[in-house]
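Take a look at this single chain in structure tokens; it is the form predicted on its own.
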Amino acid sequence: MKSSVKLVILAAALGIAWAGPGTSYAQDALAVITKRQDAMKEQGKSTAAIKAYTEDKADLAAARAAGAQLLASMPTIPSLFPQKTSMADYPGKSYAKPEIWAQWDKFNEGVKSATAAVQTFNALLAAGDKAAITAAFGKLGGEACGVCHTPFRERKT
């Protein structure tokens, strides 16, 4: 009888030990997904602030601050995409396509290209030529955000 009780206790302990790390990883992955989504929302707010300037609804200082925020956040993007945080792993929570990790080099090149586009755009913001800023802003989405969003992000429905 004692050996069967020991066996049950051992099995329970092993079950808890095995389930524990998996639960912890899931919580960590969900935290990363939330952090990633929050970072993208902040980038969206920055883009909206720049757009407001191009539409005479905000001043140049606000657009410059938003541009600086975009530029600062761009290099952090790859760190927000650890493996096993795709929409396949967390349906309804993540909209990151699994292709990101299958094409990691292409994804990183997209981030570099987007960063370069934001750097160029920030130079225009620094110069203060509103016509040039407005013209370039129209292209910024495709040259920066769209480089990754189009192939690597599923649209929310």
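It should be emphasised that the depicted structure is a prediction, and the values quoted were computed from it without experimental measurement. The first residue of the shown sequence is 1; numbering continues from there.
The next section is about a form of this same protein that is not shown, the form predicted in complex with ligand HEC.
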Can you confirm whether Gln37, Gly44 and Ala114, the three residues that make up this candidate site, all sit within 4.5 Å of ligand HEC in the predicted complex, judged by heavy atoms? yes
With heavy atoms only and a cut-off of 4.5 Å, decide whether Ala136 touches ligand HEC in the predicted complex. no
Residue-level question: is Leu70 within 4.5 Å of ligand HEC in the predicted complex, judged on heavy atoms? yes
Should Phe121 be classed as touching ligand HEC in the predicted complex when contacts are defined as heavy atoms within 4.5 Å? no
With heavy atoms only and a cut-off of 4.5 Å, decide whether Tyr53 touches ligand HEC in the predicted complex. no
Let me know which residues along 54 to 82 have a heavy atom within 4.5 Å of ligand HEC in the predicted complex, or say none if there are none. Leu70, Met74, Ile77, Phe81
